[in-house]
Every structure is written in C-alpha cells, then in structure tokens.
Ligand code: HEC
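Below sits a lone chain in structure tokens, taken as the form predicted alone.
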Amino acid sequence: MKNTLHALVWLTLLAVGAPEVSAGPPPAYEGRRLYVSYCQLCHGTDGKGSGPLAKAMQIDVADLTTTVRSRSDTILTKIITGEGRQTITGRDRHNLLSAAMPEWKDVFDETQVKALIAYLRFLGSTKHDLMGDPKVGLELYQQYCQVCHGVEGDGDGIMTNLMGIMPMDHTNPNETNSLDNEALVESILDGKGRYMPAWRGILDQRDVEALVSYIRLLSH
C-alpha cells in the first residue's frame, strides 16, 4: 500500500506537473531569520535573554517568551523600531523592555517588522522546540509535501481534489500544537492513516526534523 501511494503521487505529478511557483515562506520563517541575525546574540536562541552578548555586556535583557505575550503588535513595533510615543510614559522613548534595546527603524522595513513579531509570537506561545533547520525544511516541504498539504500548508494541495483527501492544515495551530515533535516525526517517517505516505528510506532523521521545524512556523 505504501509503495502504491508513493507511485500514485509521482505519477500524478508527472501527469499534471508540479506548481512552478511556490508561495513565499510564512512570516515567522522570515522572522526567525531576522531574529537569528540581529536578536539572538542578546535574547538567546530560546528568547529568554541569555544570549552571549548580553552576558558579556552585563545587561538585563527581556525574556521574550513571557513579556511579548502581554503586548500588542503596535507596542512591539514601537519597541523594535524605536518610533512613536509610548502609551505608558508618553515620552518619545522606545525602551519599554530595556534601556539597552537598539532602535531598528533604519534596518527593518514594515514587512520585516511584522515577520519578526510573528516569530516572537511563536516564541511566546509554542510548546515545542524547533528541532531542525527550517531552511532545509522549507526546501523539503516544497519538494515532497506541498502537493498534498498545499503551497502555503493549509491542506489544499493539487492532490486533494484528485484523490478526495483532506490533509492536515499545517497553518492551524490547534492541529499542529496538539502533536509533539516525536508524533510528527513518526507520522512523516511511518505514515498515518490511509493516505499519508511513509517517507522512511526517502527522508532521513535530520530531514524529518527540519520538516517538523518548518511545519511549526507555518502556523505563525
């Protein structure tokens, strides 16, 4: 059955052709890239404020996994860019969280700020670690998964109408958050239900971990 499903997928792709253009990655994916380049040194890989630069400078850095939860996108935009009047103090200062927080208004455009906020929301709400490299996961998702799960991960891939299936909507956090990383890894490697193929032997453990990390970011 598993071999039959794989064959059906590849034969269908040959018949109809895979989508030539893939949608851009989800905002949290781009936000993670910006976070790693600009924020991680101070805020740490987990967002809790234990980055190496913060330690070297002996500065107090906000724990983003908690402080971000109580702040709106508008306030977070002010904190990141340093623009606009604080609603709390009324002063033209941006350091709601820390006096050492740089102003990024000349570095990030509006789209990048929104993407960064999307990733911060992920850090503040996720129950699951990113176990692999989402960049690798994006490439694998486009190659192996979007034909069923859709270009944007919402379950409307080209195979859904052809086969009459309803794949998991990876953009719905209520669906993905209910499964831990190990459960997602298992379903990818060994298949699940009647139509989810097993990719063991095609994808290795590192590939699958990268896929799981990308799927986590799709819901933000």
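This one's a predicted model, so the numbers in the text were calculated from it and none came from an experiment. Throughout, we count residues from 1 along the sequence that is shown.
From this point on, the text means the form predicted in complex with heme C, which you will not see here.
In the predicted bound form, heme C lies within 4.5 Å of some heavy atom of residue 71. At a distance threshold of 4.5 angstroms between non-hydrogen atoms, residue 159 is in contact with heme C in the predicted bound form.
When contacts are judged by a 4.5 Å heavy atom cut-off, residue 218 does not count as touching heme C in the predicted bound form.
Heavy atoms of residue 56 never reach within 4.5 Å of heme C in the predicted bound form, leaving it off the interface.
Of the listed positions (76, 118, 136, 131), a single one reaches within 4.5 angstroms of heme C by any non-hydrogen atom in the predicted bound form, namely 76. With contact defined as any non-hydrogen atom lying within 4.5 angstroms of heme C in the predicted bound form, the contacting residues in 146 to 179 are 147, 148, 149, 159, 165, 166, 167, 168, 170, 179, given in sequence order.
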